[in-house]
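Have a look below at one chain only, the form predicted alone, in C-alpha cells format.
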Amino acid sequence: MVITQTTNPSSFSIISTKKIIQMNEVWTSYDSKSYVLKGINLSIDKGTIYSIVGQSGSGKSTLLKLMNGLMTRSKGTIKIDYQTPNMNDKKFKSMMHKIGYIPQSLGLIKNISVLENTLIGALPRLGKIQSLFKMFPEKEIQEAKKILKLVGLLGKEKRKIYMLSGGEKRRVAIARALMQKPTILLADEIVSELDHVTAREIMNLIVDAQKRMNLTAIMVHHDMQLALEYSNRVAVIKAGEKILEIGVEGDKIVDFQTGDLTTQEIMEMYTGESKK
C-alpha cells in the first residue's frame, strides 16, 4: 500500500489530543522506602469530570499533588497537557496558573474578605510590583465580582472568611480557582463534611462552571454514589493501586478497567464511610 503525503508537515502548528492528563505506570513514595502509589495508569479526556474514590490513606490526594507538581513521581511518566509536572521546569511553571487546585484545607485566608480571597487567583496575571502589593486592576475586580455571582456569593464580597458557613467557604475556594482562568480544576474532598443537600449544591456549581468554561475537573471523593452521579468516569484507588475504573451510561455502570468486583460490591464499597 502506498501512502501519498498531501500536507506539508511544516504547516502543522500544534498536535491536538483529547487526552489532557496521562499517567503510565506511575509509582511514588514519601520516604523512598514504601510506595504510596503503585503502577498507576490514568487517561483523562479534555472537558470531562473524572473522580477518584477511595478510603483515607489510599493515595487519592497524592494523585492530585502529582498532577500539579507538588510531588514528583518515583517511576513512570506523567503528562499534563504534554508537560511533565515539575516545579523546577520553566515550561511547567509557566502553565501552572492553568491548573486550579483546591486542597482539603481550602487554603483560604481567614481574616480577609471574600473578594480579596477570590482576587488571589488573578495574581499570576499581574506584574511583579502589582502582585507584591496586591494592586488589582479594576477589570480584575469586576471579573472577580462576576465569578462570585456565578458561585452564589453576590452581596457577600466584603464578608470575612471566618464569618462564612462551610458551604460558603467552598464556594469562595471555587471562585478563587476559577479566577485563575484554568483549563484543569483539581478538587480534593471539596464536599467532605457537608450535608447531602449542600454537597449536591457544590457539585452542581462545579458542573455548571465546568460546562461554562470547558474545564477538565478531577475530584477526590469518599462517596462512590456521589462520584458516579456527577462524573464521566470514576477511578477506585485501594492501598495505592487503581483497582477499577467505571462510569455510568444510561442506567448501566460500565467497567472501563476489568475488575473482579460486582456492581453491588462497588456500590457498597464506601457506604459506611459516606454515611459518617
Partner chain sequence: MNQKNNLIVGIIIALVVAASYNVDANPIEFVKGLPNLAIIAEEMTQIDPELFGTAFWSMLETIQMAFIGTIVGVAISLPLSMFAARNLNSKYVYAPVRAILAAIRTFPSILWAILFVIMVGLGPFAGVLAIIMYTVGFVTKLQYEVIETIDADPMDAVNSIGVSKWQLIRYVVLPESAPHLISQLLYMFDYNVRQTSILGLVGAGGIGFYIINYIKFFEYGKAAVFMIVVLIAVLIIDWVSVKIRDKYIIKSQHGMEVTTK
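Positions refer to the first chain, counted from 1. Just so we're clear, the structure is a prediction, and the values are computed from it rather than from any experiment.
Not pictured, yet referred to below: the form predicted together with the partner chain.
Engineer: Identify whether the partner chain in the predicted bound form is within 4.5 Å of every residue in the set Thr183, Met213 and His222, based on non-hydrogen atoms.
Structural biologist: No, the candidate spot makes no contact with the partner chain.
Engineer: Is the gap between Ile99 and the partner chain in the predicted bound form 4.5 Å or less for some heavy atom pair?
Structural biologist: The answer is yes: Ile99 has a heavy atom within 4.5 Å of the partner chain.
Engineer: Could you tell me if Tyr162 has a non-hydrogen atom within 4.5 Å of the partner chain in the predicted bound form?
Structural biologist: It does: once the partner chain is placed as it appears in the predicted bound form, Tyr162 has a heavy atom within 4.5 Å of it.
Engineer: Is Arg171 one of the residues lying within 4.5 Å of the partner chain in the predicted bound form, judged by heavy atom distances?
Structural biologist: Looking in the predicted bound form, residue contacts with the partner chain do not include Arg171, since no heavy atom lies within 4.5 Å.
Engineer: Leu70 versus the partner chain, in the predicted bound form: is there a non-hydrogen atom within 4.5 Å?
Structural biologist: Flag for Leu70 set to yes.
Engineer: Out of the stretches listed (78-86, 172-180, 144-152, 197-205), which one is close to the partner chain in the predicted bound form, meaning heavy atoms within 4.5 Å?
Structural biologist: Contact-bearing stretch, as computed: 172-180.
Engineer: Output the sequence-ordered list of residues from 100-119 with at least one heavy atom within 4.5 Å of the partner chain in the predicted bound form.
Structural biologist: Those in contact are Tyr101, Pro103, Ser105, Leu106, Gly107, Leu108, Ile109, Lys110, Asn111, Ile112.
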